[in-house]
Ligand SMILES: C[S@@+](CC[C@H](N)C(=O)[O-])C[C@H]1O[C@@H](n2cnc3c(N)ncnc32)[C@H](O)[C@@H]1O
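One chain comes next, on its own, written out as structure tokens in the form predicted on its own.
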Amino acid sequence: MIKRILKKGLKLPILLFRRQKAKIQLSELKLHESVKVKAVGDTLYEVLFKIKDSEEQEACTLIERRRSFLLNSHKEVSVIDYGAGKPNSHRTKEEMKKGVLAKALVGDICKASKSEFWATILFKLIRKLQPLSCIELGSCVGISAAYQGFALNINGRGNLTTLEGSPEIANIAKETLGALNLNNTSVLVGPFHETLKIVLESSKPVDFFFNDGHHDHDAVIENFNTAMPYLSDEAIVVIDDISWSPGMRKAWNEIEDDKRVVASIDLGAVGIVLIGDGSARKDKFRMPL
């Protein structure tokens, strides 16, 4: 108990130290010759220094209001989890393909959504990179999709399709996006092995691919390789929870070293890779946040 309390108490100071250090490291990204890498640098700069214009602030306020509503919901729903469960769950491939059925409160499900800090990074990436076609794996209750959808709205162009395996959770995501009038977003229901190729085919070329779905080494690599032929020439791929388990870290290392990746930014919890033809030099940046 004491060890857990001490660990929790140290977490915030460590995060603050990391983010302060990152502010100093940003110049390497912001001065990079690649326009895309510079855009990532500008994104992190604006998030770390909490820079938003009035339209961006209004959008984020509306989303956080919706998050608060969901966090306070005591409604119970059925959940079909096609993922890896917890880091120590050790689910078999058969279990993950079939899905694990359970009951959960909406408020507890919402806790799994990306925090405001990380969701704002997605928001700012889309604002800076101006993608037209975006895909998200793992809708949850629609918070991260709302951030991406609002960014596309402010840009004045682009669409997002978000995939969710669990039908009742997908319905909550649809309600979230509908309540926020995000008509440029859509939710597709079903396990990724059934829906991903369909969405990739209809959305190609895909400029922005956010994988926050199946936290398993083999699944992450498979989804990355499945998406590659459908990505645009200079697409951005964002992978969540790259330090969630040894398997996720292994998957990130393999993707980072992939010959089709020309630059990677390791933020500790989240990884960002830029796709290219492999002829340019490969740049790796590590900036835990």
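If you're wondering where the values come from, they're calculated on a predicted model, not measured in any experiment. Start at 1 with the first residue shown and count on from there.
Quick note: we don't show the form predicted together with the ligand, though the next part is all about it.
A.B. asks: Of the residues V206, I121, L152, C140, which one places a heavy atom within 4.5 Å of the ligand in the predicted bound form?
C.D. replies: Spelling it out, the residue with a heavy atom inside the cut-off is C140.
A.B. asks: Where does the ligand sit in the predicted bound form: which of 152-160, 123-131, 179-187, 108-116, heavy atoms within 4.5 Å?
C.D. replies: Flagged stretch: 108-116.
A.B. asks: What residues of 167-199, in sequence order, lie within 4.5 Å of the ligand in the predicted bound form by heavy atom?
C.D. replies: Heavy-atom contacts within 4.5 Å come from I169, G190, P191, F192.
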